[in-house]
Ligand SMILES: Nc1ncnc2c1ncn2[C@@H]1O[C@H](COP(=O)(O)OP(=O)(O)OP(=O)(O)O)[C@@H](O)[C@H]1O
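Before any questions on how it binds or moves, here is one chain, the form predicted on its own, in structure tokens.
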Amino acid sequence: MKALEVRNVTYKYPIARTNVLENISFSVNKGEFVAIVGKNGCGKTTLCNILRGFIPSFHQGKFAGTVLINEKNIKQMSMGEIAVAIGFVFQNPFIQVSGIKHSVFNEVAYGLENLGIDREEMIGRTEQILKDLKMNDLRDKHPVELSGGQRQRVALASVLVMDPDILIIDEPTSQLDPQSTEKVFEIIRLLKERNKTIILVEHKIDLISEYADRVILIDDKRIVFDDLTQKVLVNKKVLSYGVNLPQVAKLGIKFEEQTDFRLDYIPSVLTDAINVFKKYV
């Protein structure tokens, strides 16, 4: 069953001369993990804002096309209904923290409070999400005292406690160091294990190759690749669109270019690389 479907979406910002996206169409099945990649300015964040309903509700401009969430037209849904169905984690964690709560626990519970969830259920769900995400050490800290990585984990927890079916995560590690990035992806791994539908915008290709089921590459307003991760992220043509390839894929391509050998396939993750190269060791 399709969790989300985009049909012939085109969008232009109010002061722009040209469209930022043009005739975009794709669908995401329930439980699927799709990564959206492309060079800076190609429209990835714009697409996220469309999927979340911010465009055209809040951001004006010229919009055409259809977005369906669980087979329901997003235009027929209130912002509250969309918020329940889709959790959105912004690129900048500093703008997602409310600024009015004095502890991480209360910050994470804030969304449930706004929905009018019963107090006992709200406390129980918040307790559970902090436990699941191994964040009890942050429970009583003030959100403004947290590092960027910690704030991003709080932002994720604040969305996950709402238990949405679909998660849109826009470059969650762009401002984080490697250690914080690892902790964020531990949470993403947990979401995948729980069969959540995930749409992730991310530049760290090696992490995408490890987690994503499918990759959509956007360039010049359109989708130029939409296929299984292990097919897209081993294709040399991807490099011409300003998107990197996983290190092991580049190693496999280089190996074939500089030797007379042909691999069984170009690997996209380390475990596959070990299997492919072991016959040559």
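No experiment lies behind these values; they were computed from the predicted model shown. Heads up: residue numbers just count along the shown sequence, starting at 1.
Quick note: we don't show the form predicted in complex with this ligand, though the next part is all about it.
Out of the listed residues 91, 180, 106, 96, 91 is the one that sits within 4.5 Å of this ligand in the predicted bound form by at least one heavy atom. Interface residue among 53, 43, 252, 246 relative to this ligand in the predicted bound form, by the heavy atom within 4.5 Å criterion: 43.
Using a 4.5 Å cutoff between non-hydrogen atoms, residue 204 does not count as a contact of this ligand in the predicted bound form. Interface residue remark: residue 269 is not counted as part of the site for this ligand in the predicted bound form, having no heavy atom within 4.5 Å. Residue contact check for residue 237: none of its heavy atoms lie within 4.5 Å of this ligand in the predicted bound form.
The closest non-hydrogen atom of residue 165 lies beyond 4.5 Å of this ligand in the predicted bound form. Candidate site formed by 13, 20 and 59: every one of these residues places a non-hydrogen atom within 4.5 angstroms of this ligand in the predicted bound form. Contact with this ligand in the predicted bound form, defined as any heavy atom within 4.5 Å, is confined among 66-74, 224-232, 45-53, 23-31 to 45-53. If you take 165-182 and check each residue for a heavy atom within 4.5 Å of this ligand in the predicted bound form, you get just 171.
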